[in-house]
Ligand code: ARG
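Single chain ahead, by itself, as structure tokens, in the form predicted alone.
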Amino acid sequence: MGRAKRVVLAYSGGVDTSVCIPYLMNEWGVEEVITLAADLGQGEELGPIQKKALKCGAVESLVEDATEVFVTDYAFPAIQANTLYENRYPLSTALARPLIAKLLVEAAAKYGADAVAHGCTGKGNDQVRFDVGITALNPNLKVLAPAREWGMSREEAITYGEKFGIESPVKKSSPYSIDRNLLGRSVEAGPLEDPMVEPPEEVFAMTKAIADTPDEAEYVEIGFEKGIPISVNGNKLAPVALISQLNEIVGKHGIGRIDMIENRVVGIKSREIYETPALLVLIQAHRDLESLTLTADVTGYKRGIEQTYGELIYKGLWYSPLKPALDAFIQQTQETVSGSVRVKLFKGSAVIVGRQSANSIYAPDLATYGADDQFDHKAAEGFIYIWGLPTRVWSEKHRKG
């Protein structure tokens, strides 16, 4: 089934992507497979993964360190947009997919490949994100998805791989499917497929159990410049260091766990467990700072844009023409979103307890109920009459009795 001569394969080192290498060559007639592993701050040594790809038959094994780009070009715009899919999930895993798609397309151009491939199955969201993203960046590039078509169970895939020297896991494989990057972890499958089963503590790695968290609250102050986080407790930090430090501080207090039933792109519901300590608190703090610096109409209108933006990311439309249009609006709103937010961390909760900004449009002399009150109370009566006039007229026309 010859589809391509040279293929760049998105490679994680797991069973499916490892089996993809001999499968592409022996079943689909691919002559050369080049693997690409993306380092997105998952905290995993990618050297062994690189060697494993070569052992599985790849002619070349690439490792791309894209952690900083991941934060600056993908995470930060999502924070500025306060993106929460279905009002809960901050898209830590979904944000990685358009970047990996971009790396695949760039590698295909560099190495003269006529196709790219991934190890996604037919039930997940990632196949949509990869296929749509790759096609948007290069419509002429073929996208191969062996695991979507080979029809093998995991056990059969392991057996197939063993025929080509791919070692099966020495110990019993974990029942969970886990994806990790700097922004967070996503965990699914195994006992989690029963929505009534409480996630066992073993599925968490970035956040402590409440029983193990400190017995005293910790305060953290996050500084923003034009909607982008730049400092923690007054110390300016590079993007990757800022996320890393906040992950540690916030996770220590058991904050950042999400257990939800979400609606996948392909139309099925899925039970997902996420850990996103830094990302959740950053969005919470950023949104609060906006309440201090944006007018009511801009804030209200932006909420709808934020929902659209989150769905766009989740559904693999990062490279669609809608995104730059939304970006233009969001970036305009962020011009005044500079300042700092104080967050209290304690026993699984993050509570905003203070905020300040040179661009604040909170006016103490108008808000106060004390002696310094400058608000014209007499003006309120005329305002209320005009504001309620349509309702009054309607009531006089339609009231009964």
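We number the residues from 1 along the sequence you see. What you see is a predicted model; the values in this text were computed from it and never measured.
The same protein also has a form predicted in complex with ligand ARG, omitted here; what follows describes it.
K.L.:
Out of 125, 135, 231, 245, which one falls within 4.5 Å of ligand ARG in the model of the complex, going by heavy atoms?
P.N.:
Exactly one listed residue reaches within 4.5 Å, namely 125.
K.L.:
What is the one choice in 106, 262, 221, 259 with a heavy atom within 4.5 Å of ligand ARG in the model of the complex?
P.N.:
Of the candidates 106, 262, 221, 259, 262 is the one lying within 4.5 Å of ligand ARG in the model of the complex.
K.L.:
For the interface check, one of 270-278, 251-259, 290-298, 152-160 should have non-hydrogen atoms within 4.5 Å of ligand ARG in the model of the complex; which one?
P.N.:
The contacting stretch is 270-278.
K.L.:
In the model of the complex, does every one of 42, 76 and 102 come within 4.5 Å of ligand ARG, counting any heavy atom?
P.N.:
Verified in the model of the complex; spot residues all out of contact, no.
K.L.:
Looking at the partner-bound form in the model of the complex, is residue 188 within 4.5 Å of ligand ARG by any heavy atom?
P.N.:
Contact with ligand ARG, yes.
K.L.:
Is residue 311 a contact residue for ligand ARG in the model of the complex, using a 4.5 Å heavy atom cut-off?
P.N.:
Residue 311: no, not in contact with ligand ARG in the model of the complex.
K.L.:
With heavy atoms only and a cut-off of 4.5 Å, decide whether residue 328 touches ligand ARG in the model of the complex.
P.N.:
No, residue 328 stays farther than 4.5 Å from ligand ARG in the model of the complex.
K.L.:
Applying a 4.5 Å heavy atom distance criterion, does residue 118 contact ligand ARG in the model of the complex?
P.N.:
Judged by the heavy-atom cut-off of 4.5 Å, residue 118 is well away from ligand ARG in the model of the complex.
K.L.:
Using a 4.5 Å cut-off on heavy atoms, what residues in 64-98 are near ligand ARG in the model of the complex?
P.N.:
Those in contact are 89, 93, 94.
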